[in-house]
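So this first bit is one chain, no partners, the form predicted alone, shown in structure tokens.
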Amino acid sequence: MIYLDHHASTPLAPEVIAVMGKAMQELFGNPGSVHAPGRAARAAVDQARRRVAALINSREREIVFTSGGTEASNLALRGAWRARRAGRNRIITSSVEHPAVLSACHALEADGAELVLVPVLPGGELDQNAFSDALDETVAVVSIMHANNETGVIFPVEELAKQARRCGAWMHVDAVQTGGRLPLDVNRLGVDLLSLSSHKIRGPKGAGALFVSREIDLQPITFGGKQEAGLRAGTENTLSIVGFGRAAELAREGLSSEPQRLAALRDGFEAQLLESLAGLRVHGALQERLPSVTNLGFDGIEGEAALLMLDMAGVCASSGSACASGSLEPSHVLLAMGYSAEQAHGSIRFSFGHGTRAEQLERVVELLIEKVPQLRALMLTI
């Protein structure tokens, strides 16, 4: 199997499996209990918190563990909305955000928020003029992704955060796809809230984190015990948190070389296909992008048919966000960039990770060169 869907989820690292196996046997205590098993579980959670904090250069107490990136972003947005000051009724986000953010924003709109969706330009980059025009003293929170999960296009969140701060708004960044894939420093970025997810960086599902700056007074959205500084009630998922912590440590160690390795693989993959296949586009190619992903548009094919063909050959890829899989609707990201529904339906996302090797990509190139003309011929007969 050639797995090229790392932006959807990543295989567990062997080191993560090892630490979770040990935790499964030994860390049965409740981290809130004062006896020895409880203290052992608490120590493991605290160690994981230090490791996640180190990944983004934050303080330990600014890390709140959640069940994943979706909950982290919901806590950020709904918690910021609950804490808003009088007269601040506006939420700003982009038209190409992950469904976790867009759906939360639309839910808040139903609760009375004024929602502003900032468009992107044809290259996938944020329309910064429209962003600046949307800012005023009525803005409660701004939520902009660090990099798009489908195209990999990176947004200038450091500059956007400065603008948000100048009008007194809180800045949330969805860094689910960049955490562990690019060096992150929340102090340099100047953000108030930042979402992370474990299973994007070779950790387990069921764990995520929200960075909450000590300078803001975020409000909880679930109620019960006082876990996670009172922001996330419920007994901590010790097993997944321990795995997340080890994955964060591994990702941090790999930041010195892994981005460069993946960028070289991606660039070579794209170059071979562009040289061999007509009617091919690389979405967002002219923008700064994550090294771990390429989104390719093939004229004259149906993306789902191509994915089935690849799957039968042992290659795993996707047509866009895994959280929108199963939908017959074209990618909202590509539509926002100005592509037609037909063009969006003919697009495939290949995303790379720790186990991706050049010889695997060479095999995928061979398959696409062979099969894409066949798929195009088939479409002409329908």
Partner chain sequence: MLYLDHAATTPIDPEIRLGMMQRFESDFANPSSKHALGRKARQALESARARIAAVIGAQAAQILFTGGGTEALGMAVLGSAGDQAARIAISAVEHSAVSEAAYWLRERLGWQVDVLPVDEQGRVKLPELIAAVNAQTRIVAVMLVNNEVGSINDIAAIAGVLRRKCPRAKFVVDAVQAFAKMPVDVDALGADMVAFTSHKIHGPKGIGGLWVKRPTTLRPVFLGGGQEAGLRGGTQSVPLAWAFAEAAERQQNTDKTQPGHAERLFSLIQELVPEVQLVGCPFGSQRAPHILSLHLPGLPSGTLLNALDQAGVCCSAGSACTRSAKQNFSKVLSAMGRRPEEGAFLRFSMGRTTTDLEIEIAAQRFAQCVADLNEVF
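Positions refer to the first chain, counted from 1. Given the structure is predicted, the values throughout are model-derived calculations rather than measurements.
FYI, the form predicted in complex with the partner chain isn't displayed, but the following is about it.
- Contact check for residue 162: no non-hydrogen atom falls within 4.5 Å of the partner chain in the predicted complex.
- Contact between residue 24 and the partner chain in the predicted complex is found at the 4.5 Å heavy atom cutoff.
- Interface membership of residue 187, defined by any non-hydrogen atom within 4.5 Å of the partner chain in the predicted complex, is ruled out.
- Contact between residue 61 and the partner chain in the predicted complex is not found at the 4.5 Å heavy atom cutoff.
- The candidate site formed by 120, 302 and 343 is entirely out of contact with the partner chain in the predicted complex, as no residue has a non-hydrogen atom within 4.5 angstroms of it.
- This chain lacks the partner; the member of 287, 227, 272, 213 within 4.5 angstroms of the partner chain in the predicted complex by a non-hydrogen atom is 227.
- Think of it this way: in the predicted complex, the partner chain has a heavy atom of just one of 156, 99, 268, 259 within 4.5 Å, and the residue is 99.
- Checking 164-172, 76-84, 279-287, 127-135 against the partner chain in the predicted complex, the stretch whose residues place heavy atoms within 4.5 Å of it is 76-84.
- In the predicted complex, the residues of 13-37 lying within 4.5 Å of the partner chain by at least one heavy atom are, in order, 17, 20, 21, 24, 25, 28, 29, 30, 31, 32, 33, 34, 35, 36, 37.
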